[in-house]
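Before any questions on how it binds or moves, here is one chain, the form predicted on its own, in structure tokens.
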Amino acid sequence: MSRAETIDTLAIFTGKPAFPEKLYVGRPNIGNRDSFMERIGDILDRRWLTNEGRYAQEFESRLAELAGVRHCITMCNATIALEITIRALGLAGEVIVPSFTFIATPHSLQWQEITPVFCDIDPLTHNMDPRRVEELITPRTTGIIGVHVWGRPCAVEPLTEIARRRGLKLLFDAAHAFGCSHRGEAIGGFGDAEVFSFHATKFFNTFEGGAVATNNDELAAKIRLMKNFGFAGYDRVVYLGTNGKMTEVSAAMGLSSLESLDQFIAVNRRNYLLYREELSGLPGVGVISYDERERNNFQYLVLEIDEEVSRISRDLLMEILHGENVLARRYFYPGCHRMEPYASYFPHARLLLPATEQLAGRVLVLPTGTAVSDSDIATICRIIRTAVAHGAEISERLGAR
């Protein structure tokens, strides 16, 4: 029995959970089924399932147009896309990355025996602090990977200036940022390249998938070779490569999802505004903001819990929500620097990452997307308001047990 189920002071937490079925963060959005099934039928009829077929090529063209870049190269997933791009850029030695990111970002480096050097974040933006980047550059540094956390652009111009002045490659992990913009320009064309994720948990998905966006013709040609074993023709291999190709089924899902892209974003925005209104003024509970002057996908509904004000910890609030079948999640807890192998490699990294440490203990992500209704949001927020209203009492009772 969870601690949430033992709390008998509040009627909302007794008996059956508020939701009979679990509400997940990142439950997939599904576009037009009819158009998707039509494409699947065509794929099966033509018996062309992978290897740069009609739908993969069409999908790449549509993506490049949306991102405003010359090249958008589809991949089987974003992690492989990162690994291939890192290798194509010639990164080696050390690369500066935030610790407040999904573990795939540093893993894509370490997998290739490149050392990720963790940089602290700006607590206001949740993105890598460019003021700290310069302090971490050594003779072994070859590049910087910025991450657009929550789809909110990181410090593009300062990082670009640092990279140019210090002769470093600049790659952006844009896994959260498909459909977003920075200063009116679509995410995708910044740095040497940017990598999108189309995993099932993203608001826009291809089941599994990713893409590399770039305006660098030479880099794009190299990445295309590397994602297909280095083949430059029917039986001619000219470069070291692997298998990073996107299947036709995934590309078909992507094209069908593109047809519903505006709808997905509209639902996310509506949900975001509902959450913000419902939780407005709640002590110690802040909903992160999005710049309405830019294009946003609103795919993450992120709370920051200030325990000193709310009188209830982020983790206890999460446990209460889980008891009600609302599977809120901690992102990116506990920080990549506290995960292996990095915790063993850099046991004192936490001393250099105070803002990351603090934020990892405050963030809670709530369900959103087309699987969540207005009434669901109202109930979730009622649970949160009730928990905060009785936060001190709940914490005291649990502490005494």
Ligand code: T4K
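Just count from 1 along the sequence shown to find any residue number. Source: prediction; values computed, not measured.
Omitted from view is the form predicted together with the ligand, to which the following refers.
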{"property": "Contact residue in the predicted bound form, chosen from A78, A252, I144, C119 - any heavy atom within 4.5 Å of the ligand", "result": "A78"}
{"property": "In the predicted bound form, the residue from T74, T101, S257, T214 that sits within 4.5 Å of the ligand by heavy atoms", "result": "T101"}
{"property": "Exercise: K227 in contact with the ligand in the predicted bound form, heavy atom 4.5 Å", "result": "no"}
{"property": "N268, heavy atom within 4.5 angstroms of the ligand in the predicted bound form", "result": "no"}
{"property": "In the predicted bound form, V25 touching the ligand (heavy atom, 4.5 Å)", "result": "yes"}
{"property": "Heavy atom of Y331 within 4.5 Å of the ligand in the predicted bound form", "result": "yes"}
{"property": "One stretch from 240-248, 182-190, 197-205, 272-280 that, in the predicted bound form, holds residues within 4.5 Å of the ligand by heavy atom", "result": "197-205"}
{"property": "Heavy atom within 4.5 Å of the ligand in the predicted bound form - qualifying residues of 157-187", "result": "D173, A175, H176"}
